[in-house]
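Let's start with one chain on its own, the form predicted on its own, as structure tokens.
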Amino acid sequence: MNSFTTPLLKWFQHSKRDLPWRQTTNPYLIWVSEIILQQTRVDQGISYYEKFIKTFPTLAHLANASFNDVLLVWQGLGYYRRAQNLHNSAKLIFNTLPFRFPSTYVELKKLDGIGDYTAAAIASIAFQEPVAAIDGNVMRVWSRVFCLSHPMNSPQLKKKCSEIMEPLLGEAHPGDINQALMELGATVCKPGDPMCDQCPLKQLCKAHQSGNQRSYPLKAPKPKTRTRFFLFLVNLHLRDQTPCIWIEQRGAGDIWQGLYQFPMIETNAPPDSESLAHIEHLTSMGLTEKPDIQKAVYVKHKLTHQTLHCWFINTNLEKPLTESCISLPMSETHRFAFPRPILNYLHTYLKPEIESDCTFC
């Protein structure tokens, strides 16, 4: 199988991108990079990785940090369950293992947020365990090289890729082979526009030889997108002559877990002023004026599998919407982690209003 590994590793040695997590075999640093890259492009992930490592340079720093501090560093990166999993696993490793980073594929899979690919990537790169790290890039490469007739991300395709890679990983450094294949898929064997003239495997690629490289891999069925309607109640008020805003923390089991937001009501359909006047939560909060949805700020926010329709509406609530709400001074909002739509609203509408409105001077 040297016909694959020799040209692949030679190409990787000379063509790989200079990424910060490739300058170490420290399993903690590799783990952080792999979790960040689970749902993030490399060009976007670099700055977050560097900020995260600067703030939490060791597993001990991460384990002893508060979850809010972790969220503040993660803020804007999305898929916040990843931050929760990192924090939970760091505490588990630090407090119970004790401080011995799991060094095998099997051990790594026991940690929160680590599946087959991430466990294999860490085990092969940090500990040279010969296990295949199969992500979308790797599946795309092998689908084209062998014209595999399985849909992208299907269990059948992953199994076939694993079978192809098993004999390769025993020939050289498994971490280098895994990284080389991922790099090849990310930079050369691209989804829509493969640069076959630069590929070290072009002479071995059946799809290239037949001119069908754009036909592989076979497309997977698109997942259904969920549509949701959020009404955020914005109440800028004075407390001891200090401009404040009501916020609440989101619970577990949904998007933005652990982050903060304005008090929010989710509706089954787009809200209108008439329907808002009859929402029980609002009528019990001492509203002196009916909320006017026509004056709300509307934002459409897309996630991978959800489309959020968000309305930010100014209210004159006399008391917090729920017992969990806190009155936060606007000068302290930087201490709390917010989802991107909330953070954008704070900086676009509320802070300029405070700076320009003499009522809050």
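Residue positions are given as counts along the sequence shown, with the first one as 1. These numbers were taken from a predicted model, which means no experiment stands behind them.
Quick note: we don't show the form predicted together with the DNA, though the next part is all about it.
Proximity to the DNA in the predicted bound form holds for all of Leu77, Gly113 and Pro155, with the criterion being a heavy atom within 4.5 Å.
Shown alone here, Gly211 lies farther than 4.5 Å from the DNA in the predicted bound form, counting heavy atoms only. At the 4.5 Å threshold, heavy atoms of Ala60 stay clear of the DNA in the predicted bound form, well away from it.
For the chain shown alone, Ser331 is not a contact residue for the DNA in the predicted bound form, no non-hydrogen atom being within 4.5 angstroms. Using a 4.5 Å cutoff between non-hydrogen atoms, Pro191 counts as a contact of the DNA in the predicted bound form. Of the candidate stretches 260-268, 117-125, 200-208, 169-177, only 117-125 has residues whose heavy atoms lie within 4.5 Å of the DNA in the predicted bound form. Interface residue among Asn316, Gln306, Ser66, Ser324, judged by heavy atoms within 4.5 Å of the DNA in the predicted bound form: Gln306. Checking Arg335, Lys54, Arg41, Lys295 against the DNA in the predicted bound form, a heavy atom within 4.5 Å turns up for just one residue: Arg41. Although the DNA is not shown here, in the predicted bound form the stretch 21-39 places heavy atoms of Trp21, Arg22, Glu34, Leu37, Gln38, Gln39 within 4.5 Å of it, in sequence order.
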